[in-house]
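Below you will find one chain, with nothing else, as C-alpha cells; this is the form predicted on its own, and questions on how it binds or moves follow later.
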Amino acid sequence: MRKTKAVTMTVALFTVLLLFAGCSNSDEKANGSSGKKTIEFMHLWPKGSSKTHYEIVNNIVKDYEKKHPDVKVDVQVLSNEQYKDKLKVLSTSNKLPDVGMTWAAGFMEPYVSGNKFAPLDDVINKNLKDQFVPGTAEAFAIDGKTYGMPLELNIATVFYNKAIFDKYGLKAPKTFDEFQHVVKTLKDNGVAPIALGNKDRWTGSLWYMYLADRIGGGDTMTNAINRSGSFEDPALVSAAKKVQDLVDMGAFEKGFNGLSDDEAKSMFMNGQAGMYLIGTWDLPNYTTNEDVPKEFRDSIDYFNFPTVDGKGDMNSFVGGPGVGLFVAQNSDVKEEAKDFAAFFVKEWGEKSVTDAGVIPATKIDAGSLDLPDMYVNVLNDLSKASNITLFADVQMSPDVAQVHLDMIQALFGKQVTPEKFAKEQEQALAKEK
C-alpha cells in the first residue's frame, strides 16, 4: 500500500529540469537509440537451475522480436529469492520492469493496492478468452479485475529414488506409519531420508501444509487464513507436532535449516537422499531434461502424500497456479508490454509442455502430444484431485506470510513449541483483520 507524490522558484526550476530529463529518458526508452521500443522483462528462471525454462523464455523472446522488428525485449534473470527481493525494491522506487512475474492472491495485493500492476482484462478478453484452466486466472483477480496472467499449474508431490527404495526393500508409503518406516530404514542405513532446503522456508511450509491437510482436512488451513477458522485449530497444532516428530526421527538431512532449496535439490539429484517434496515445476528434471543423466531420471518416481493416523485424502493436494505475468501500471510502453505478455502466455502454453514437460495454466490437448509417463500420471492425478490448497505464503498477505515463514523455520529448528507456532500466526492474522 505504497503511494508516492512530489515547490519556491528554485525548486520549481529544478523540478522542470527533472521532468525534462525524465521525459528525455522516457522517450529514449520508448523509442530506443536504434528507433526500437524496449520492453524490460524480468523473470526468475536462471540457466543454471531452470535450464529448460530459461531456454523456452529466450526462444519466446526471439520469436516475439522476429514478429515485431520495432520492439526489443531487454531480459533480466534472477533466482527465486533474489527476484522477490528486487521486486520489492523496484516497486518502492516505482521502477518495476514493464513485464515481470508475480504470484497470485496475497502476494500481489500490495502491488495492486499500490497501483503498481495494470489490469489485464482487456488483453485477456481480446487474446486469451477461455484459454486458461478454470480457477487459475481467477487467482490473479482482485475486486473483479485481473492483474496477472498465469503461466503454470502445480501440485506438490513427494519425488523418491526408486533405486534407493529397491535396495532397502521399501515401497511408496500410503500411510504415515509406512512413511515413518521408510524414514527409519533409510536413516538406519546411512541414507538421508529427506532432502529439505529450509533456509528458503516455503519448502518446510509444504511439509507442514500437507500434514495439516491430512489431519484437519483440505479447508482447515484456508479457513484459518480467511478468518472463518483459527490457526490455533487443534489440527493445525497437531500438524506442527508431527513436523517436530519427523525432526526428532532425523527425517531431514543434517543442517537442513541452513540449506537452500537448490542445495537440497542437488543432494536429491546426486542420489544422497531418498525423498524430496517439491512442486511439479521440477518435473523436467525427472523426465525431459537431458542435462540430467537418464539413469537418474529413470530411477525417479513420485507418490502422493500419505494419510496420517487414518485421516486424510491422498487426492487432496497443496499447489495451485504458480507464477504469472504482470504489466507495470507506469510502463512507458504499456500496450506493447501487454501484447508481449499475451504472446508469451500463448507460446508458453505449448512450448512448456513439449519442450519442458511442465504443466501450463492454459488448456492443452494432452492426447495429441507424446508425453512422459510421469507427466501423464500427474495430469491424471490433477483430474482426480478432490482439493488443491493454495500455497500458504501465497494465500497470506506479505506481512503475515513473513510471520508464517519465520515460524516454519523456528518450528523445524525446534525453537518454538507447536502451540507457540500456532499462536504467533493466529495473532498475526487477527491483527490484520
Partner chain sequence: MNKVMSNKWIITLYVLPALLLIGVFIFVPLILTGYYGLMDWDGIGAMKFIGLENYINAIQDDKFWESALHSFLLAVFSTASLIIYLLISLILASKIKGADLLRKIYLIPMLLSSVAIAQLWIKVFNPTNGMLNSLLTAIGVDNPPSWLAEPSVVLYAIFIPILWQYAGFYILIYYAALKNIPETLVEAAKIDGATPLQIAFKIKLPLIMGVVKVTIVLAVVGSLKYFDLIYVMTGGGPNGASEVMASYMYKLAFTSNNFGYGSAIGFLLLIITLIVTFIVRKATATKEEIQY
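As the structure is a computational prediction, the values presented were derived from the model and not from experiment. Positions refer to the first chain, counted from 1.
There is another form of the same protein, the form predicted in complex with its partner chain; it is not shown, and what comes next is about it.
- The stretch in contact with its partner chain in the predicted complex, judged by heavy atoms within 4.5 Å, is 104 to 112, chosen from 277 to 285, 119 to 127, 227 to 235, 104 to 112.
- Shown alone here, N58 lies farther than 4.5 Å from its partner chain in the predicted complex, counting heavy atoms only.
- Proximity of T417 to its partner chain in the predicted complex falls outside the 4.5 Å heavy atom cutoff.
- Using a 4.5 Å cutoff between non-hydrogen atoms, E178 does not count as a contact of its partner chain in the predicted complex.
- Heavy atoms of S49 never reach within 4.5 Å of its partner chain in the predicted complex, leaving it off the interface.
- Though its partner chain is absent from this view, in the predicted complex it lies within 4.5 Å of a heavy atom of just one residue from K242, K351, R201, K72, which is R201.
- Here is the short version: of Q131, N330, Q272, Q76, the single residue with a heavy atom within 4.5 Å of its partner chain in the predicted complex is Q272.
- Shown here without its partner chain, the chain has D85, K88, V89, S91, T92 in 79 to 102 lying with a heavy atom within 4.5 Å of that partner in the predicted complex.
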